[in-house]
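The data below hold one chain only, encoded as structure tokens and taken in the form predicted alone.
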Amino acid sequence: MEVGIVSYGAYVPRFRIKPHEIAEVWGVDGESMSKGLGIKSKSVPGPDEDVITIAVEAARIALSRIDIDTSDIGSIYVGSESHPYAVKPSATIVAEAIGATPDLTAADYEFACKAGTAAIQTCSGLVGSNAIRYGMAIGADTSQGAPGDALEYTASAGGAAYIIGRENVIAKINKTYSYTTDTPDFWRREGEKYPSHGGRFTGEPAYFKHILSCANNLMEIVGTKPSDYDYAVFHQPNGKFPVSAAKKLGFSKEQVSCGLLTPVIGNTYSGAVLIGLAAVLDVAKPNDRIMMVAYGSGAGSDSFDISVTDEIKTFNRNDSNTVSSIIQNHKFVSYATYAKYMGKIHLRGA
């Protein structure tokens, strides 16, 4: 039986901050920064939100759209680079919160921004081998950017959950392919609050080399070309890179526009391509074909060739949990509020 997506759910915190609010604090030209990065605003997690709460919200939305018994979920994997605990899994808390039974395997994944797609690959393998009936893969982050660093303008929060199975598949995963090298363009050592990055090297030889190689190799394997796809979703660290990657590969702006969310919510890291895919699935029709390519610093890319099935016709997409509805529910905050929520302000003795 075909293996693919049975349900999905996305969640993005409602708080937002605009680039000029950040730029004003550091004496930077906010308009130039916004234009250069292709960012109009980014999401900010509330003081009571973290990767676990975001993952739980996304998982609950995914479950609310279908009728399955949580006891049939045989695996839960949470991909993130901002897990709340250094030692204690997020996945076990998510499993408890959604009412899953102890008869499952659970783990946290970490591979920068592609940890969520790595989780999908694992679930697909377990489902495809009949080891489990359903698997849940989640990509979520409350990403960090040091005060004044370029990352502060893009690093945001959000996530998405995908239920993988063989029954009532709304989007079949035809093929997945990965491309991996040791390219340390972005890193954060144990105990460090903020990550470091290689500046201009994050474009080449990091992001573009992996995205382009992974996408081209997948298309060669499955015998497709860009025009065979109705939609394409590429990892989006900013609003410019995915559009440039699409152009280099031969995809049009129209093919990537639906899943390109970074300009309004920022870079949600492990949630980036998964939220983008959710936005596409919210409007996709039967037989639509989707190319998705994730990128994680360190470095690697996961690509997916996906076909939408007839099951999408009866899938529950007419609710307030669509990506469009979630994104429209927002409230802008000042830099001071943002800094407080993100823990950039520390009380004496705290």
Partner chain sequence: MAIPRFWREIPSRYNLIGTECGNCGKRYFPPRIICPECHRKSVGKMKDVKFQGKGEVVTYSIIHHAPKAYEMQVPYIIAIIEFEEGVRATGQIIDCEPEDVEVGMRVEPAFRKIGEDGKSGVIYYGYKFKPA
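Positions refer to the first chain, counted from 1. If you're wondering where the values come from, they're calculated on a predicted model, not measured in any experiment.
Keep in mind that the form predicted in complex with the partner chain is missing from the display, and what follows is about it.
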>> When the contact criterion is heavy atoms within 4.5 Å, does residue 222 count as touching the partner chain in the model of the complex?
In response: no
> Would residue 36 count as a contact of the partner chain in the model of the complex, using a 4.5 angstroms cut-off between non-hydrogen atoms?
Replying inline: no
>> Even though the partner isn't displayed, in the model of the complex is residue 84 close enough to the partner chain, meaning a heavy atom within 4.5 Å?
In response: yes
> Is the gap between residue 14 and the partner chain in the model of the complex 4.5 Å or less for some heavy atom pair?
Replying inline: yes
> Pick from 322, 307, 53, 41: which has a non-hydrogen atom within 4.5 Å of the partner chain in the model of the complex?
Replying inline: 53
> Given that the partner chain is left out here, which of 288, 282, 49, 311 has a heavy atom within 4.5 Å of it in the model of the complex?
Replying inline: 49
>> Check for me whether the partner chain, as it appears in the model of the complex, comes within 4.5 angstroms of all of 18, 209 and 263 - heavy atoms only.
In response: no
>> Just to confirm the contact call: exactly one of 233-241, 117-125, 272-280, 92-100 touches the partner chain in the model of the complex at a 4.5 Å heavy atom cutoff, so which is it?
In response: 92-100
